[in-house]
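The chain below stands alone and is given as structure tokens, in the form predicted on its own.
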């Protein structure tokens, strides 16, 4: 059997393991080890198995992940999401669809601090959905707006997905963080525009809250309740990274320590919550590092199977414009993103598609990272297996799954518009990195 055919068989076998519910990290490691043993030798496979696992768990570049994950879980367990929603509600609650818009803003800001799509969806959803139901919002808009908004957390820095992409492709994490800022803001505005359009057409979907509008003082009080300090900590952490004061790992450490300090001063962190934050961080980081190690082994198998090189040669021989080939690759990401978690999907596909897109098609690697994250963000809300939809279903148990999916379509259209704009105007993603980090 040729190395190329062995690689194809390995991919098929991996998909079978996924169907059998094998843990993704274990499946990638098994297929990578077995395939490398077949193509090269068993001794060489044992050597890469031991060295890659050791290298992954001792890598300084990956130490950024525990720091930002810890910052996110400190924010999560300190109840930052509740304060965020209270502030956003004060600002937007008196517009038609205003509570749904408030949810998008809260998701965007909390996602920036937390960096996790599912955590953002669960946190804001547990607060926002009951509030919207109380004000007679339709269940489809109430649940779908939060499910879609949760995906904003992986675009706006700090994003664990950008860290994973940067490590896997050896790109600057600071540049990736900067590249996600404008697309994240653009997607937030497009989501809010989608809410405005559908509530203009049918005001019953999201009636405005009753009562007097809050004045500047009330809005400031909502911002001051511990939220302003957290946003300042976030600005110092990420701003220091962009300014070159901190390495990515140091920026994450400063952010985690700052959020912990603010939550202790505000009295929103106790010993039990602190322990839960540490336990959740340990589980999440262990999962991510095992995924990275398994993906590295799988990537080595893909390299010796020559699938990326054969794919690049095949793409070069096609008489199709580069943007059409890119569109096909993005459709693959969108399809698999509906039922594979974001981190393993990116780690699994980078060895195959990254050389084609960057080396053969000539696209900017930072821009491609933003596009991948955006398409994967679309995948987490795309029927039939959008992961965020199932997360919000767990929060709103009384809402049928088909009702949530019915409300997803305006947000999916908004995300597609954002993706098209990024492809047509790549400067949306590359402007800030080029401006700040020349």
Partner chain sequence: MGRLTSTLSYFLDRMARWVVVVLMALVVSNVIMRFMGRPIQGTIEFVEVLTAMVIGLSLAHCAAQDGHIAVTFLLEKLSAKIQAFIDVIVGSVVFLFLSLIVWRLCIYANTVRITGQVSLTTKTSYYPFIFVIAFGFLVYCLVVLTGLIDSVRKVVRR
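We call the rigid core the largest set of C-alpha positions that still match within 1.5 Å between the two forms. Positions refer to the first chain, counted from 1. Remember, predicted model here, so these are calculated numbers, not experimental data.
Omitted from view is the form predicted together with its partner chain, to which the following refers.
Although the partner is absent here, residue 191 lies well away from its partner chain in the predicted bound form, with no heavy atom inside 4.5 Å. In the predicted bound form, at least one heavy atom of residue 250 sits within 4.5 Å of its partner chain. When contacts are judged by a 4.5 Å heavy atom cut-off, residue 402 counts as touching its partner chain in the predicted bound form. Interface residue remark: residue 418 is not counted as part of the site for its partner chain in the predicted bound form, having no heavy atom within 4.5 Å. With the partner removed from view, the residue among 154, 119, 88, 256 that has a non-hydrogen atom within 4.5 Å of its partner chain in the predicted bound form turns out to be 256. Of the residues 279, 264, 204, 324, just one reaches its partner chain in the predicted bound form with a heavy atom at 4.5 Å or closer; this is 279. Listed stretches are 242-250, 179-187, 102-110, 327-335; the contact stretch with its partner chain in the predicted bound form is 242-250, by a heavy atom cutoff of 4.5 Å. Within 4.5 Å of its partner chain in the predicted bound form, a heavy atom is found for all three of 30, 74 and 285. For the partner-free chain shown, 18, 19, 20, 21, 22, 23, 24, 26, 29, 30, 33 of 1-39 come within 4.5 angstroms of its partner chain in the predicted bound form, judged by any non-hydrogen atom. Taking 2 Å as the criterion, residue 425 does not count as shifted between this form and the one not shown: its C-alpha moves by less than this amount when the rigid core is aligned. Relative to the superposed core, residue 357 undergoes a Cα shift smaller than 2 Å between this form and the one not shown. Positional change of residue 290 between this form and the one not shown reaches 2 Å or more at the C-alpha, relative to the superposed core. In the predicted bound form, the separation between the C-alpha atoms of residue 239 and residue 178 grows by 3 Å or more relative to the displayed form.
In the predicted bound form, the Cα positions of residue 162 and residue 278 lie at least 3 Å farther from each other than in the form displayed.
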